[in-house]
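Let's start with one chain on its own, the form predicted on its own, as structure tokens.
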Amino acid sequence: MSYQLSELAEKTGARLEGGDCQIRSIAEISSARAGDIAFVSNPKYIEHLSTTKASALIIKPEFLTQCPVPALVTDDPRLVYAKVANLLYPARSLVPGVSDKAIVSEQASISESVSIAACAVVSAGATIGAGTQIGAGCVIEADVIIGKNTRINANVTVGHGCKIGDDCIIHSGVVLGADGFGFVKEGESYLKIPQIGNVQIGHNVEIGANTTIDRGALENTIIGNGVKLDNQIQIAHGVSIGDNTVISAACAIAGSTHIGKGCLIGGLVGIVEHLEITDNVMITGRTMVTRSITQSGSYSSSTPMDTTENWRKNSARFRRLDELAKRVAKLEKNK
């Protein structure tokens, strides 16, 4: 796939500066060659402008005077880069049809334009909308509803009764609708609590590889429209996540927590159960959230990196905080 730079300007809304040229691919500015387009949004890469061999660049207006090649000029180079990348590298579509090595129940409702790959299993009562792709080895259990133009990659399991909207991307290894972790102690053992809710995924959602989303114990687990989930995230039973929230890899969200719209949650964040997190909250990486967040803003915990020597000293002092707090309180009381 290739485009003239002028075509890319028209399709992305960027301003064309300099001559026209043919663009075939995207590359890093330091390694780009003829036919490539690169983007610069961070000033630390300005030094590469004078030596780049790219045919064109995507840059901010303030960098234009230093640009030696034709350019797409925009206030948001990363956004234009993403649009260009989608044009040059469109998602691969599978040919509609059901593999003769797939197992599809006669009681399933499958659009004629659906693609179902080898070794996939589609159970009775499942409904799959037009243009949806089911990858090899997927298991779609009974009464699942999948919308239009959704891509489910290889080896995904969708539990019974779950619902996935339109235009979603579900990456390999995802499990939707496994039982939540629900047990009650009975003597010296544990009695399993039936998980009778399901999982409901909105439209235009992307779920990264090996992420797991548990079905609700009573209420459904709900993922809103436009949510983007990274790889290896655990979302427990009864969680709800508001529209357009983005969550990075390796987060763990405990049961019945409600996260608002437009939140940004960094990697390795842990969120305990039954919390309320309001809209437009940013939580930085490795933060442990132990109480509800009722005001929009940025929140952090954990300790930043330091030299080992300093970290050991500060760690030793941290263990004495309670003792020191008591001593300060006693001194203030005796004033």
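By rigid core we mean the largest C-alpha set that fits within 1.5 Å across both forms. Numbering starts at 1 and runs along the sequence shown. Since this is a predicted model, take the numbers as computed values, not measurements.
The same protein also exists as the form predicted in complex with another copy of the chain; that form is not shown, yet it is the one meant from here on.
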Counting only non-hydrogen atoms, which stretch in 242 to 250, 67 to 75, 126 to 134, 105 to 113 is within 4.5 Å of another copy of the chain in the predicted complex? 242 to 250
Consider residue 194 of the chain shown here, and say whether it contacts another copy of the chain in the predicted complex, taking contact as heavy atoms within 4.5 Å. yes
Heavy atoms within 4.5 Å of another copy of the chain in the predicted complex: does residue 20 have any? no
Close approach of residue 223 to another copy of the chain in the predicted complex, 4.5 Å, heavy atom: no
Touches another copy of the chain in the predicted complex: residue 322 (any heavy atom, 4.5 Å): yes
Only one of 53, 60, 286, 48 has a non-hydrogen atom within 4.5 angstroms of another copy of the chain in the predicted complex; which is it? 286
Taking a heavy atom within 4.5 Å as contact, would all three of 186, 234 and 308 count as contacting another copy of the chain in the predicted complex? yes
Looking in the predicted complex, the residues of 155 to 181 with a heavy atom no more than 4.5 Å from another copy of the chain, listed in order, are 155, 156, 157, 160, 169, 171, 172, 173, 175, 178, 179, 181
Relative to the superposed rigid core, does residue 15 relocate between the shown form and the other one - that is, does its Cα move 2 Å or more? no
Core-superposed C-alpha of residue 309 shifting 2 Å or more between the shown form and the other one: yes
